[in-house]
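Just the one chain here, the form predicted alone, laid out as structure tokens.
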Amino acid sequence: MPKLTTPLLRNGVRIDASFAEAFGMRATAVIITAPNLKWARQAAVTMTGFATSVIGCGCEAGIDAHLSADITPDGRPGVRVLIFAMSTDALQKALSDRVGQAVLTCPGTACYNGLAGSEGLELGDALRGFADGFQISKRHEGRHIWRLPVMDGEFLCEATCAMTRDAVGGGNLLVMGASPAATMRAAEAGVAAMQGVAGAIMPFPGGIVRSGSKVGSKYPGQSASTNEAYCPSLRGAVASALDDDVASVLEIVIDGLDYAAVAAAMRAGLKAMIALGPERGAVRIGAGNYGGKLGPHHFHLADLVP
């Protein structure tokens, strides 16, 4: 990958004249409630574990928002979780497995549809058999709810949840700094800003990935491999994309319920990182793409910087 020679300059930070290349996905959302936010969040964190990349995890998932009791279906505090996959079947499996193993099992929780739309996936309909015939079907304020007896009372779970085919996965920012500490500081600031954008998640640990990848490998059967052009330790051994003042690179990957959500998250992240300046954060920010061959959604950094 050649170096880009005409970056923008914002508050001393170089912004590559490049774009992030993203692709279409399918997505759903569930609302998890509990007697308090601690347990709602615990269920959500467990549910979204090992969901960083469809390459190895089958889905990508994360907490989208914390919800106050006055806006949840049952008047209790909760969180909304987004799940993304490449097909309807993969999304259905991820939803059923993760709610069944991480939410049904978590004390005090209930689970509801968190997305508008008419095309549905099985939620409680897929889990009701756990009740071994003791499940009860109820209608409450327009929702079809299954009540499953469990040892601490009942697990309430909406029968179905909606799915969107307009989701976008693979939005990204490459954060480059003069030291690992400065790069991490910039990436953390970017993720914190992006977490305030509705409809978008950053699925990797803490929203950040150090092992940015390219498609393919020299080894058969390896679908992705290290992006050597952005590995500082390989400078001099490969065609590096890094400038001399870059000592560390971190990537932020963004999935969104639609194009606008990904764009808004990237815009918020860029603004936060640029505000830090190169002394405290990134000296350069770029984006990963494959020349437009990977996906139809292109997020040009020049259109997103403040």
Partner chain sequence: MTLTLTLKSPPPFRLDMSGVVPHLLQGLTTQALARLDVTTMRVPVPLGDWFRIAGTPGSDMVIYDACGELDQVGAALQGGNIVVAGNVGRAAGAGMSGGHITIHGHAGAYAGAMMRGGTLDIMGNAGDHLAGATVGALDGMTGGALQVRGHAGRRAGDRMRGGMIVINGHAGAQAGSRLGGGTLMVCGKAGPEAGVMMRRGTLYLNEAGPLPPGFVDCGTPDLVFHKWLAQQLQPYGHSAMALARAKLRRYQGDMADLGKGEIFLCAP
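Numbering follows the first chain given and starts at 1. Quick caveat: nothing in here was measured; it's all calculated off a predicted structure.
Heads up, the form predicted together with its partner chain isn't pictured, but that's what we're talking about next.
Though the partner is left out of this view, Arg147 does reach within 4.5 Å of its partner chain in the predicted complex, counting heavy atoms only. Although the partner is absent from this view, Thr72 contacts its partner chain in the predicted complex, with a non-hydrogen atom inside 4.5 angstroms.
At least one heavy atom of Leu156 is located within 4.5 Å of its partner chain in the predicted complex.
At the 4.5 Å threshold, heavy atoms of Gly133 reach its partner chain in the predicted complex. Out of the listed residues Ala102, Ala110, Leu115, Ala182, Ala110 is the one that sits within 4.5 Å of its partner chain in the predicted complex by at least one heavy atom. Here the chain stands by itself, but in the predicted complex one stretch of 136 to 144, 168 to 176, 117 to 125, 93 to 101, 136 to 144, has heavy atoms within 4.5 Å of its partner chain.
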